[in-house]
Structures are given as structure tokens and as C-alpha cells.
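Here we start with a single chain on its own, the form predicted on its own, put down as C-alpha cells.
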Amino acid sequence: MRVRRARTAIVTGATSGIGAAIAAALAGAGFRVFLIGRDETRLARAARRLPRRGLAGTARADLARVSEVRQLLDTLAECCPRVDVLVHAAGEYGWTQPGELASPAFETLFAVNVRAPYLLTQGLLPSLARARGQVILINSSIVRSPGVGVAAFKATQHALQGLTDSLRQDLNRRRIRVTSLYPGRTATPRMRRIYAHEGRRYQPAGLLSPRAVARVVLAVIELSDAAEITDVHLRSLRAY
């Protein structure tokens, strides 16, 4: 009797919010999940939440730093020779004001939201190709909204959208599927900060839940490998 190989998933931004929910859902579905986060304490806490058999490993990395991304790729090459699913859930968020010269802030937004997914996907291409894997990039519904005070952040999400669409053409030739997921406002620590910034009462019951987003990710992954979902837009049925 042939024993099925345990599937491996890598999740960035796995210590909270959508990333943590996706990691938990993947572990519950039988994946061995490798968690990536930038805070050692939160990363250890996230690892303890997963069943032991569902944890492939952890790595602390600041994705804004190219040197740490390269070191991370070396670690992943050793422990994850086959990658069935790569989920880019890490993201940076920030506000900008008219007339503000915020070059360092913009550089950080671009580094985490665009450059890091690009470098990690390219660096893990051999492992993804061996498994005929799948790449899922968590974007934002901001691409469909004008936004207020978030010009730099919005620019990075449009850049990520363009990057994903182009990568898809290259990766499909290696039988790797690529999906962009665009959640609306979701009940996460980031959203709590956004509501505070807007001076609005935070009411998570009216938002998408991270678990709902994670369930969509699982549905996309389990689709027959003869088909590919390119883009998924989600939003809560309740008014924000």
C-alpha cells in the first residue's frame, strides 16, 4: 500500500490575523506547516498552537531586509525540499499625508509587500516545481477603493497585483498555480489600529473573520490541479 506524502506549506506573517488562521487551517487539513514571523516570542506562541505533527518548523525573519530573506531561503531549502503551498500573508501597513516626505516608510512598505513575496517565490521555485505546488498571495480590497491617506500602501498593493499576474504566466509553465486573494476589512490587529486611526468604534462582528478567509484558502488549494483560480475578492455581508 502506497503511503501518501505529507504535504508541506509555508506561511509568512503566520503569528497573527489572517496568516495565523491560514496556518491553523492548513495544519488541520493535514499539512505540515512552516511558520515565518518577525517576532520570536509571537512565533513560538503560534507554533505551540499547532499540533506537533502539523508543524514543519519556524523561522524568524524581517522581510524588509534582503539579507534576512536570503538567510530564510537557505533555511527553507534545507528543511523544505518540496513545497506544496506557499502563502504570502505578511504585510506592512502605513498612512501617508499630502506633502509628507516619507521615503523610509514607503521603502519599508514596498520591501515587505512587494519585494519579499517576489524574492521568496523566486527562491523557492525549485521546491514548488517539484511538488507542482501553489502560491497564494494575500492582497487587499484597497485595489478597488480610492483609499484615504494610504497612497503608498495602495501603490504597493497594485504593484503586488501586477507582480502576481506576471508571475502566474511564468509559473504556470512549471505547473505551479498562482492565486491572488483580496479580503475586505477583516477582524485582525491591523484592522483594530485602522479603526482607531479613523476615530471609529471597532466592531469585529461586522467584519470578515480570519477563519473565513482561511476557509477560502483551503477551498482554492483543494481545487483540482487541472484548474486554477486566479483572483478571489471577499467582503463581509454586513456594512462596515
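Position 1 is the first residue in the sequence shown; the rest follow in order. Model, not experiment: these values are computed from the prediction.
Note that the form predicted together with a small molecule isn't included here; everything after this is about it.
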Contact stretch among 47-55, 170-178, 23-31, 189-197 - heavy atom within 4.5 Å of the small molecule in the model of the complex: 189-197
The small molecule in the model of the complex: contacted by all of G17, R42 and A64, heavy atom 4.5 Å: yes
Contact residue in the model of the complex, from N139, T164, Q134, T121 (heavy atom within 4.5 Å of the small molecule): N139
Distance check, L86 to the small molecule in the model of the complex, heavy atom within 4.5 Å: no
Contact of P117 with the small molecule in the model of the complex (heavy atom, 4.5 Å): no
Partner proximity in the model of the complex: V112 to the small molecule, non-hydrogen atom cutoff 4.5 Å: yes
4.5 Å heavy atom contact, L128 and the small molecule in the model of the complex: no
